[in-house]
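In structure tokens, one chain follows: the form predicted alone.
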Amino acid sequence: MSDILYRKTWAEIDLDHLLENYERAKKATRHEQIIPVIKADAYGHGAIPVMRHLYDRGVSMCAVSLIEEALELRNHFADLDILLLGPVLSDQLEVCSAHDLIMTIYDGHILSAVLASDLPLRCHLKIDTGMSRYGFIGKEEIRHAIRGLKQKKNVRLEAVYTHFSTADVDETYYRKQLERFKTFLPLIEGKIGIHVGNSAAVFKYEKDYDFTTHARLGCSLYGLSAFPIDPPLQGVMRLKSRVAQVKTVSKGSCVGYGATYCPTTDERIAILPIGYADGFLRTNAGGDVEIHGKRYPLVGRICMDACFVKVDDTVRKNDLVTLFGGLISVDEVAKRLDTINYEVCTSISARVPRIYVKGSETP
């Protein structure tokens, strides 16, 4: 992507806010470091710049989902510890070994492949305590996995972990998962890392654990949360554009595809160069945007590359527009779309340039 903004639409990524969220999460735990989750291009914020900012400040480990994501990071960070949270197949052991990736052992098939391999491998063992996604379930299979991995001289079993599915919304089920994980602690012999906390658990429960060595910080790193945090985390992404055109739409004319919005009087309509191909989805119709510190309504259908805003005479071509990250929060947009805030950020497409700023800087 060129550094020149030919089309005046971009996502502003505030690196100061990112670091502030990381430091707040550290203070909420008893750990010197927590593991930032950089998967999905850092939740849409840009994996390399985000990790660079953290790495330059001493963060030495991160987590991703895919091997492809890990290899992109490895190209920029030779000594970064990179944990793969997603599945690794038996024919992918060589790439994990060659690039010093930390794989997750999550079922009997990959366990057997690792135990049969002579490659130097690093791994964490995943236990499924009730998320019903990846991970071992039974005590005997977990015991077998841990013992087998520790007996392999070419394999480094570095940690055991689980993932809570309701730490943000359902304490009863969270407690059920936690107590189940605790029943497996006697199986973890020797000096092995343990991490169970995700973003919600980091802020709500991690300080109460006496057995963990790390925690994982996902959505909250980016100022996103599924539950209230006081004081609130700092939002990291601000989606911005500039008015491309302002026109008067006369009574009797209509706006956009399907002619779904037809003013009953003459109205001033601003056209913004952003649409659903940028991840500003059609279901945003009926919401607001911010111009000059004031809300203005989106009207008509959102196009692939443009959308329409009903404005007044104070709005001019090239005026700055904030679609979220100012008066309009990403949480408001998520509620509008009936989804979660980090789906909003990960939906912003790659054709929207990410511009990295600190504090209140504006490019």
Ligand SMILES: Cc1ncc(COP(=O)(O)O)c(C=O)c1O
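Every value quoted in this text rests on a predicted model; they were computed, and no experiment measured them. The first residue of the sequence shown is number 1, and the count goes up from there.
The discussion below concerns the form predicted together with the named molecule, not included here.
J.: Heavy atom within 4.5 Å of the named molecule in the predicted bound form: which of I82, L149, C219, L125?
T.: Contact residue from the list: C219.
J.: Name the residue from A306, V37, V299, V333 that puts a heavy atom within 4.5 Å of the named molecule in the predicted bound form.
T.: Exactly one residue meets the criterion: V37.
J.: Given that the partner is absent here, does K153 sit within 4.5 Å of the named molecule in the predicted bound form, heavy atoms only?
T.: The answer is no: K153 has no heavy atom within 4.5 Å of the named molecule.
J.: Would Y22 count as touching the named molecule in the predicted bound form under a 4.5 Å heavy atom rule?
T.: No, no contact at 4.5 Å.
J.: Should R133 be counted as a contact of the named molecule in the predicted bound form, where contact means heavy atoms within 4.5 Å?
T.: Yes, R133 sits close enough to the named molecule in the predicted bound form that at least one of its heavy atoms falls within 4.5 Å.
J.: Closest heavy atom of T129 to the named molecule in the predicted bound form, within 4.5 Å or not?
T.: Close contact is absent here: in the predicted bound form, T129 is far from the named molecule, nothing within 4.5 Å, heavy atoms only.
J.: Report whether all of W10, S241 and Y276 sit within 4.5 Å of the named molecule in the predicted bound form, measuring from non-hydrogen atoms.
T.: Result no, not one residue of the spot touches the named molecule.
J.: Determine which one of 291-299, 314-322, 54-62, 39-47 lies within 4.5 Å of the named molecule in the predicted bound form, judging by heavy atom distances; exactly one does.
T.: This holds for exactly one stretch, 39-47.
J.: Just give me the residues of 180-199, first to last, that have a heavy atom within 4.5 Å of the named molecule in the predicted bound form.
T.: In sequence order, N198, S199 come within 4.5 Å of the partner.
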